[in-house]
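Single chain ahead, written as structure tokens, the form predicted alone.
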Amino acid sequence: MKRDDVHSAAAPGAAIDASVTPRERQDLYDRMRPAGLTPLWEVLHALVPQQPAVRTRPAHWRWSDVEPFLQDAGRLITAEEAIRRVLILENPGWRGESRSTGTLYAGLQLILPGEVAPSHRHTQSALRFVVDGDGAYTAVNGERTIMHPGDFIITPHWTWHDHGNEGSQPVVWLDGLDIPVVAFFESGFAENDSARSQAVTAAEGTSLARFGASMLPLKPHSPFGATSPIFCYPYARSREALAHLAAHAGLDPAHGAALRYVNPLTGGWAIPTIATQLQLLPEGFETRTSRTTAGTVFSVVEGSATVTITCPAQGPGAGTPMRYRVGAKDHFVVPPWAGLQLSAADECVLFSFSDAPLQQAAGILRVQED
């Protein structure tokens, strides 16, 4: 688009002074630049688009493709050397920026038997969703939990945490963090602990017993601020609830049987910056197409499905459906405002996380179901 066209588009119906040349306008722009000024009318259409201009692209990481690289990484670098041995699920629309969506980071972390990922803390909030293996642990502020496949574990911002593997098999989990959000606010801090592993000061399951039994302490307190006081949500409990709902309570046409993880003290999101949910699709179930402005990362826990993603009107692949056949331990990304339709080949369970809480707080979250 030419400069005169942009100017005209910014002011529909306005008359253009034919005596003013493009060179004169460019001279104005060149002279104002050293003063730290730039003309809004040159960029207004990009700053305030009529439809979301989405840079995030659909992406699919097959476990069969990723696992060999994790094994090689485990052979070539130790957990202590790496601080965190993680392969980033980098979106093709954000190459070089360590992003899975515009606001979310995701990666697969490997810890081998006998290893410890050293204790540290940081401003960023983190989730762990166990993908493969059994027997590693995560410790948060003095309490440990043993990690089992499908468990959802929270590391609240600015809490000491370390990971270790006292079991006999490698363990892999999905890391999800709000790193791009904290970077946007330019407010990131981090600190390494003086100890390799933090001292255990609470019995395993203490937070779950105190806050996760559909009861609350007589004098409840919020140890992690707006973040849930439960830092491990066991998969066995969540899976049982979804199975019961699927069998007896009907299915949501766009999501199947779906539940979101909550902070039991507030009923709000378990993590204030990241929405997390678990859903079950019965064998043969096909969802309606839905879309949301919240970009979403999915992890396939069980089963398989066909995923159809239709990109929004603006951005790479606009309007062209992308189809993936996904199976257990695969991961995929649905961009903001992209249409999503799921078809379960057999009973399928999906974990997902998004930036919905931030959009909801800002009043800009939009959801549509066909």
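The shown structure was predicted, so the numbers you read here are calculated from the model rather than taken from an experiment. Throughout, we count residues from 1 along the sequence that is shown.
Another form exists, predicted in complex with a small molecule; not displayed. Remarks below refer to it.
Among residues of the shown chain, H161 is one whose heavy atoms approach the small molecule to within 4.5 Å in the predicted bound form. Contact check for H122: a heavy atom falls within 4.5 Å of the small molecule in the predicted bound form. Mapping the unseen interface onto this chain, F231 falls outside it, with no heavy atom inside 4.5 Å of the small molecule in the predicted bound form. Contact annotation: R128 falls within 4.5 Å of the small molecule in the predicted bound form, judged by heavy atom distances. Judged against the small molecule in the predicted bound form with a 4.5 angstroms heavy atom cut-off, the residues R84, Y105 and L177 are in contact without exception. Residue in contact with the small molecule in the predicted bound form (any heavy atom within 4.5 Å), chosen from T273, Q109, S238, T293: Q109. Stretch 84-92 is the contacting one of 193-201, 84-92, 251-259, 70-78, since its residues have non-hydrogen atoms within 4.5 Å of the small molecule in the predicted bound form.
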